[in-house]
Ligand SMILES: C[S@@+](CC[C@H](N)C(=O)[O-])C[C@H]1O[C@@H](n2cnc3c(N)ncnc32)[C@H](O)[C@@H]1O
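To begin, one chain is listed below as structure tokens, in the form predicted alone.
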Amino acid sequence: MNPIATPPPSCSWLIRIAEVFEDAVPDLIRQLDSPACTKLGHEYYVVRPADPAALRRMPVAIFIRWCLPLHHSWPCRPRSMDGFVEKAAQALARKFAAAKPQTLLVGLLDPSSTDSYYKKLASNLRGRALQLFPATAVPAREVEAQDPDAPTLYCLLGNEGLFCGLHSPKSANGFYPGGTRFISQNSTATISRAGAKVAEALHYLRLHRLPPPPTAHWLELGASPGGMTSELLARGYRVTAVDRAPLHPSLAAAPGLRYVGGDAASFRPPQGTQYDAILSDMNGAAQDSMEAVLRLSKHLLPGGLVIFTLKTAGVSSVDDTQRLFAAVTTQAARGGLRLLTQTHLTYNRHEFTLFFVAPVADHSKPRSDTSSSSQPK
């Protein structure tokens, strides 16, 4: 077994926690039982958890957007160092070529910076490192063409230096260094930021399963003003959008759209209707939103998808947020929905995106032989 691919218990980890949860970091570090915590760049922290598995396990994991074992760290000041790219690329080739990662990706410790210096440096480092790796060892694979379960060499670069590790995209919680792909609102529906949010959610979903096919029928709860609706329609989906408030005028008579003006709690689909997926971005108490989803999930096809925004209005502490998550996921499980995964997306702010799957019929159980057992003897 490759020793790099299996981090030792004492290994340091680079984790990303969204800026909106910065006040929660001390509580999360205590829950991880990490003896130290060092902040790097923007939203990144170096920790040494007592149990590394806790990084992707509840209740801590809901706050950790991305994580990486640090197999190679080079604390330095790249901007003031001559030959940084060549020295760093040579070190990466020496240390990681034998591990044969599926590809090499370089991201920024401060992706929000308007300074283009490190963006250019990251591109140059990746290009030079790929030249030094044997061509058969590390292909220049596109980010979203990665195998979610195969190890990737991720590198994060910034004022504090270079920090690298091997991890699969699924285990790291994102195809890209740092998490999901940032989707500009200008490239999606401009009705609201929600359009970019559902686009990012569908991208993230590929870590665990393929999104519904283009012909799928979505039931969207809490659709107004229509940012998510517009994004789904642009992907070729059919959408039944439910909300008491109207949709944006630009969606009037949009092909594939059926708008239902009313409360999701009282909505009744036409008899025999089945949906491939349910999308819930409703405001209000999270348990009430989940109750509406569970009632309507009976109209999901077997194995159907639920994307659920967990709103945390009125919840401020780490413990209360974790209790809310546990309560809603327990509620969903009792209603027959299996939690597939969860994450914090770029556009989530103080909320989380949860992915559930409807049950699939179990064909492995023996069926009663009605042709004989029901006959009188």
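Fair warning: this is a prediction, and the values are worked out from it, not measured in the lab. So that there is no doubt, residue numbering starts at 1 and follows the sequence shown.
Keep in mind that the form predicted together with this ligand is missing from the display, and what follows is about it.
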**Item:** in the predicted complex, Leu210 touching this ligand (heavy atom, 4.5 Å)
**Value:** no
Against this ligand in the predicted complex, would Ala223 count as a contact residue? Criterion: heavy atoms within 4.5 Å.
yes
Q.
Just checking whether Arg181 would be counted as a contact of this ligand in the predicted complex - the rule being heavy atoms within 4.5 angstroms.
A. no
Considering only heavy atoms, tell me if Lys311 and this ligand come within 4.5 Å of each other in the predicted complex.
-> yes
In contact with this ligand in the predicted complex (heavy atoms, 4.5 Å), from 90 to 98, 165 to 173, 261 to 269, 107 to 115, is stretch 261 to 269
As a check of understanding, the residue in Lys298, Arg79, Arg206, Arg244 with any heavy atom within 4.5 Å of this ligand in the predicted complex should be identified as Arg244
Note: exactly one of Asn159, Thr240, Gln146, Ser192 sits with a heavy atom within 4.5 Å of this ligand in the predicted complex, namely Ser192
When this ligand is considered in the predicted complex, the residues of 282 to 297 having a heavy atom within 4.5 Å of it are Met282, Asn283
